[in-house]
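We begin with a single chain expressed as structure tokens, specifically the form predicted alone.
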Amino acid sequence: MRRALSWLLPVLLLVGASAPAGARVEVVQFDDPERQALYQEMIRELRCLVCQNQNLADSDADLARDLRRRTRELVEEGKDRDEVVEYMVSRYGEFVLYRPRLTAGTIFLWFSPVVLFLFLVWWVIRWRRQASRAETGYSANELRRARELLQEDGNQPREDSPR
């Protein structure tokens, strides 16, 4: 009997492991395709405040479900994109937006990459110039005289120089 049931445990484990993990797919349908598209756009652009690195569409947190429900209600009421964004920002702050608006508080976020890039370009140019002016151990007069000699000779070795 024991030997006959030895196959049952692996089969039960396989069936249990292949079962869904309890995740539910939330399906929201609108009569108007434009409202459906607006709803989908909004839940992809609004950030889950609990997860912080996921949008509302991808998050399964309770707050994300509530925000999706409120977004659906606002869209059903006929609100446009700007009105939905204003509602969410007024209630939860700018952090709810993945792409923060250009305001006095977010100007650093928008322009710091450009400023940092320009600073790095300036630094690399400065560093290369300094490297090209590295100390050779010769004075400016000696270097000037060497250039004059090279120009006079046309880069040809002189007859009195050792070979």
Partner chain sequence: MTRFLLPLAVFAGLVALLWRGLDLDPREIPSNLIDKPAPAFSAPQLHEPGAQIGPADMAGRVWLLNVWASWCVACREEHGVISAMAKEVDIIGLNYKDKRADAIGWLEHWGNPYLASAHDLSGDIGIDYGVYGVPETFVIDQQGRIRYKHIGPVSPDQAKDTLMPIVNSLRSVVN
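None of these values were measured; they are calculated from a predicted model. Residue numbers count along the first chain shown, from 1.
Below, we refer to the form predicted together with the partner chain, which is not included among the displayed structures.
- At least one heavy atom of residue 70 is located within 4.5 Å of the partner chain in the predicted complex.
- At least one heavy atom of residue 49 is located within 4.5 Å of the partner chain in the predicted complex.
- The closest non-hydrogen atom of residue 81 lies beyond 4.5 Å of the partner chain in the predicted complex.
- In the predicted complex, residue 57 stays away from the partner chain, with no heavy atom inside 4.5 Å.
- Only one of 138, 123, 98, 117 comes within 4.5 Å of the partner chain in the predicted complex through a heavy atom, and that residue is 123.
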